[in-house]
Structures are given as structure tokens and as C-alpha cells.
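We begin with a single chain expressed as C-alpha cells, specifically the form predicted alone.
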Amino acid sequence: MMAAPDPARRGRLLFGGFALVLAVWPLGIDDAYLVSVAITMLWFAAVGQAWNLMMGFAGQLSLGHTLYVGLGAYTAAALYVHFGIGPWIGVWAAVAVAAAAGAVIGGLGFRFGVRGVYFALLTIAFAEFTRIGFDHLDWLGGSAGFFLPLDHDGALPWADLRGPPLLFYYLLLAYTLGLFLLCRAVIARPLGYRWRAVREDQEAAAASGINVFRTKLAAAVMSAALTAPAGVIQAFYYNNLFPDQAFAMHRSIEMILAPIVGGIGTLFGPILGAVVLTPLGEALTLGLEALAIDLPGLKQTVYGVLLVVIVLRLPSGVWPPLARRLGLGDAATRTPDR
């Protein structure tokens, strides 16, 4: 009698195949537009994973995660422009600054018992007044924008994070896969169990001896720190920064759509959500252009309707039912204690 296939082993094989496809796909592509779409897709997959760590695993809603993207981007860019410090070093300063911001916001909110939508409003407020503040920082370009030079004398292109779009594609691919493996490792450790205990019932977690404040603060700091490198990559990919874009509220909403559609609280959900949503948005743009339709707001309306349909039809996200169809079982969509 043949043994039943191991869902965990099948999941590892499928994930390895998925990673391999992403690794070799651009090698035969000579289309800059398709590569740029893939870069955008991986960027949202990465920031979605970082946000999911805080919301999906620890249950703390943030709607201001663009703050950490902007802080990471401006920190690394300022070190590069004003002091000649390359992004491979600047990224660590960016992580530290974002982590400190996460500690301040989390410390204030959790210390005073701010929860749910009220904590989300607190994160929005910090992102918004940071945007206003950066609008008036002439040292960082202010509202006129902060522009990065294409190179510094004597520096190798790769050292300054300069190169073709494929460089950024593979950098984001490595970061996205690394985040997946990091989250997978963290949630299987005591900290991950404490996060999920707080998420399910904060009072019960406190009664069982868990330090709720420290547990939630750890999630806020780690999520902020892991978001910052995406901002660094974005800064050196586009070579310019504007406060209205770097700290924009709509960008925070875009960042959380991938894990919502893919499946909040699942490991693979944020990646799958980005794979679904980014090509969908681009397909809508191309489709409307092909039909010569130029109605203001039509793309956003159609995109919003499609999102509502997806959420209503698949309230737990796209990944859980897909995982069951692939024979991975419920274990593929649940964290270890559920």
C-alpha cells in the first residue's frame, strides 16, 4: 500500500518550483515593460509580507506602513547624496531609523492601550505629519523632490546599486524569498506563538503570563524594520523621492491589498496576492488603452469592483482554497498553533 503524499514535502517542492520559475523567467525576456511589472509585483510581495507579520501574525492593524518605506528611502538616499555612503551600508541605517519609528509608534500606542482602528489611525497620523515635515526639509529637497546622482566618482555600479532593471528584479526576488523564510522561522518560535496568542485573545494571553506590551512592540519594530529595505530599493530604482509619493496614504492602502487578497495570516498569501493584483492592474490599463477608453477614474472603479468580488467570493483570501486544491491541506494556510 502506497503511503499518502506528505503535504509539507509537496509544499516545499511547489514553492521551490515557484521560486525557480521566477528566477529563470526574465532571462528570456527582452521587454523592459514586463520586467518593470515584475519588479513592481515583487516589491508589493515584499512589503506585504512585512505588513502581514504585524497584522496577520500579531493582529495589530497598521494603515501607515508607507512611513517606513519613506523613512528607509530617504535615510539611504541622504547618506548616499550628502556623505557618499553606498546603499549596502545605508540600508542598515534605514532599518535602524524605521525600527526606531516603529518602536515610538508602538510604544505610544500599546502603552496607552490603543487598539484596533484607533491604533490604525495613530499610524496614519504619524505617516501624514512626517509627509508634511519632509515637505519643508530643504536638506532633503522638500516638496521639489530629492534626486539621486547616477553614480559617484570611483564607485563600482553594483556598489552604488546601479545597473539594469534585472539587478533590481533579482534583488527584490532574493529579498522576498528571504522574508518568506524568515517569517516561516519566526512564527515557529516562541515569539511567534506569543504573537498569535495576543492576536486571538489579548486578555487570555496576559492572564497566561505573556507580556502583551513587549510582544506587540516586537511585532511593530520587526515589521517596520523589514519594510525599510523596500524603500531603499525603490529610491535607487527610481533615483528620485517626493514626500507626497514616499509617504502617500494611498500607497499604504496599496501595500496591504496583496496580503488581504492572498490571505492575511498565511505565509504565501502576500506573495500570491501580489502575483494576482499587479498583473491585473496592468491588464486593465492595457485593455482600456486598446479599447481607446479614456474616462477619468474608470480603471480605479473597475479595479475596485474586481477587488470587492474577490474579497466577497474568497473572504479568507485566494491562497487557502488554492492550497487545498493543490493537496497541501489546511496546514499550508495555518500558522503552527491553529
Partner chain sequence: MPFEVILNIAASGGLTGLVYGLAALGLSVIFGVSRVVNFAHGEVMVAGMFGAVLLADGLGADPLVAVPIVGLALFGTGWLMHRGLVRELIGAPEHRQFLALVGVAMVVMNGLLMAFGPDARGVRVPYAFDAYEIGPLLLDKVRVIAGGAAILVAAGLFAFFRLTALGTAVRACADNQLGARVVGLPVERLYALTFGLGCAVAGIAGCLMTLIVDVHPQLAPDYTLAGFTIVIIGGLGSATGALAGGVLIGLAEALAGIVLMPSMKSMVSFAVLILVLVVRPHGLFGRPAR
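Rigid core (definition): largest C-alpha set, two forms, superposition within 1.5 Å. Predicted model, so just to flag it, every value in this text is computed and none were measured. Residue numbers count along the first chain shown, from 1.
Below: the form predicted in complex with its partner chain, not depicted.
Sole residue of Val186, Leu167, Val212, Leu108 within 4.5 Å of its partner chain in the model of the complex, by heavy atom
Only one option qualifies, and that one is Leu108.
Which one, Ala283, Ala32, Leu298, Leu291, lies within 4.5 Å of its partner chain in the model of the complex by heavy atoms?
By the 4.5 Å criterion, the partner-contacting residue is Leu298.
Are all three residues Ala125, Ile132 and Ile256 in contact with its partner chain in the model of the complex, where contact means a non-hydrogen atom within 4.5 Å?
Verified in the model of the complex; spot residues all in contact, yes.
Under a 4.5 Å heavy atom criterion, is Pro190 part of the interface with its partner chain in the model of the complex?
Heavy-atom contact with its partner chain at 4.5 Å: absent for Pro190.
Even though the partner isn't displayed, in the model of the complex is Val275 close enough to its partner chain, meaning a heavy atom within 4.5 Å?
No, no contact at 4.5 Å.
Considering non-hydrogen atoms and a 4.5 Å limit, does its partner chain approach Trp139 in the model of the complex?
Outside the cut-off, so no.
Mark Leu173 yes when one of its heavy atoms lies within 4.5 Å of a heavy atom of its partner chain in the model of the complex, and no otherwise.
Result no; Leu173 lies far from its partner chain in the model of the complex.
Exactly one stretch in 110-118, 70-78, 89-97, 177-185 has heavy atoms within 4.5 Å of its partner chain in the model of the complex; which is it?
Correct option: 110-118.
Hey, which residues along 301-320 are within 4.5 angstroms of its partner chain in the model of the complex, non-hydrogen atoms only?
Result: Thr301, Tyr303, Gly304, Val305, Leu307, Val308, Val311, Leu312, Arg313, Pro315.
Spell out whether the Cα of Pro315 moves at least 2 Å between the shown form and the other one when the two forms are superposed on their rigid core.
Superposed on the core, Pro315 moves its C-alpha 2 Å or more between the shown form and the other one.
Once you compare with this form, do the C-alpha atoms of Leu280 and Val311 lie closer or farther in the model of the complex, given a change of 3 Å or more?
Result: farther.
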